[in-house]
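Only one chain is shown below, in structure tokens, and it's the form predicted on its own.
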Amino acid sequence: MHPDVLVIGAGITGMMAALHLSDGGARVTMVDAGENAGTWANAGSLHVQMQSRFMRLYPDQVPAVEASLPLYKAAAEEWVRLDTLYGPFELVRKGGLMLAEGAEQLRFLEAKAQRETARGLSVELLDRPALDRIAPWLGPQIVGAELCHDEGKLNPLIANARLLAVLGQRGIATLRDRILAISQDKGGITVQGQSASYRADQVIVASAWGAGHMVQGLGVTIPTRAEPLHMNITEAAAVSISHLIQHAERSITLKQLGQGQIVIGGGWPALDRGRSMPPGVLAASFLGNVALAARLVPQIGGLRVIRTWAGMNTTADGGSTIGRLPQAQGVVMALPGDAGYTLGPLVGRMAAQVALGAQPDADMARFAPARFAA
């Protein structure tokens, strides 16, 4: 097998990189281990504003996220474009509400909103009367919120299935193998898998939390880390929630799908059972996550949870990693920063542009893998 480009990782980033490479005339093959892929466990939030959970847990990475806010806004627009071309994905973009339950949380949101406005986001602060006009179902303790007009939500099961079908129509194959190492010589790139060896002119690495280990022998040390997180979905609810819901201090995301089910997530931990098994559900996360959701939106408190699961998020330094490795120019990295499902399609497109020798849609300097060079 000697494709022009081998894409490692068949999640949302890899799928979209492969699609754009195909548009550019490249021969493409994808290879994926089929284990713990965040795309297939995602809850469907389109994040743009800075998440309070991330700011609390990873303060050292906040500057990179803040500097990348224009990329998040552009990524949400990319999802709108994809929905028009290949959807519908049940995409709704009426904004995201980050809720406050007291004066201190409101002050936090006010300061955050000022920083986000400076980076080009469309945000505003709402008091309780303003909230009642757009979200009357909120609990009585909510005193205000930040509304980010750039945010939204979609149904990831539908989006993933439709995009995978498009790749199938293009004849782009996905091989099942776990990649162990990558090397480069004058003739191209050799990729060693557990089951086979592959040759390609170029490789795009879109394997999220596994990427750091995969390229560690190529002159960079990318600190990718798997973060197992918990999610739930309820039966259909009578209440109509059109916004993505978050909290100024507590870990929560809450959104409603087109058929009425409520998806509840937002960063509660799950049990890491190793790379070959999906994360396990923790009872404390299940109970805490749904209890907080019912506190914020009391009308959903009596709903039954019909499924609960866990998936892998990936963290590095807060920023995306896109571009050629300085010591292995045939290897192109395509690693979204925090909120990888939101960023994935845009990061995949930018990585494909690099591989095709085209001009990327954004300034690449901030995302260059060279910042991790040994």
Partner chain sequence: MTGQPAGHFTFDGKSVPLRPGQSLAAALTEAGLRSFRQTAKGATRGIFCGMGVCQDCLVTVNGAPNRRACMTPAVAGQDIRTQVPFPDLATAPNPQPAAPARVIAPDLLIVGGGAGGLSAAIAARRAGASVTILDERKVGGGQYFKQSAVSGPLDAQQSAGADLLAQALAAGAELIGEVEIWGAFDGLLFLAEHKGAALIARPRAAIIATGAYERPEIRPGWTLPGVMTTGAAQTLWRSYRTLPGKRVALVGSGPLNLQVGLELAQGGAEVVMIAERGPAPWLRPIAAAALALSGPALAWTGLRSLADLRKRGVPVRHGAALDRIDAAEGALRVTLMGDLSPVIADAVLMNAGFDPQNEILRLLGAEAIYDPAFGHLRITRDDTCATTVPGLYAVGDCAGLGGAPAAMAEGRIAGRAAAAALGFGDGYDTFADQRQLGRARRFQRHLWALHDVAPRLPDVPDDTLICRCEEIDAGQIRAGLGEKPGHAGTLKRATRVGMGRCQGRYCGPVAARLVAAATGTPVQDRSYFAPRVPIKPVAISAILAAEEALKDAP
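From a predicted model like this one, the values you see are computed outputs, not experimental measurements. Numbering follows the first chain given and starts at 1.
In what follows, reference is made to the form predicted in complex with the partner chain, a form of this protein that is not presented.
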What I'd like checked is whether S276, A294 and T308 together line the partner chain in the predicted complex, meaning each has a non-hydrogen atom within 4.5 Å of it. yes
State the residue from E110, D132, E235, E104 whose non-hydrogen atoms include one within 4.5 Å of the partner chain in the predicted complex. E235
Answer with one of I262, L147, A159, I252: the residue that has a non-hydrogen atom within 4.5 Å of the partner chain in the predicted complex. I262
How about P298 - does it come within 4.5 Å of the partner chain in the predicted complex, if we only consider non-hydrogen atoms? yes
Is there a heavy atom of L287 no more than 4.5 Å from a heavy atom of the partner chain in the predicted complex? yes
Do G139 and the partner chain come within 4.5 Å of each other in the predicted complex, heavy atoms counted? no
Spell out, yes or no, whether the shortest heavy atom distance between W40 and the partner chain in the predicted complex is within 4.5 Å. yes
Please determine, with the chain shown alone, which of 236-244, 180-188, 76-84, 111-119 has non-hydrogen atoms within 4.5 Å of the partner chain in the predicted complex. 236-244
Residues in 79-112 that come within 4.5 Å of the partner chain in the predicted complex by at least one heavy atom, in order, are none
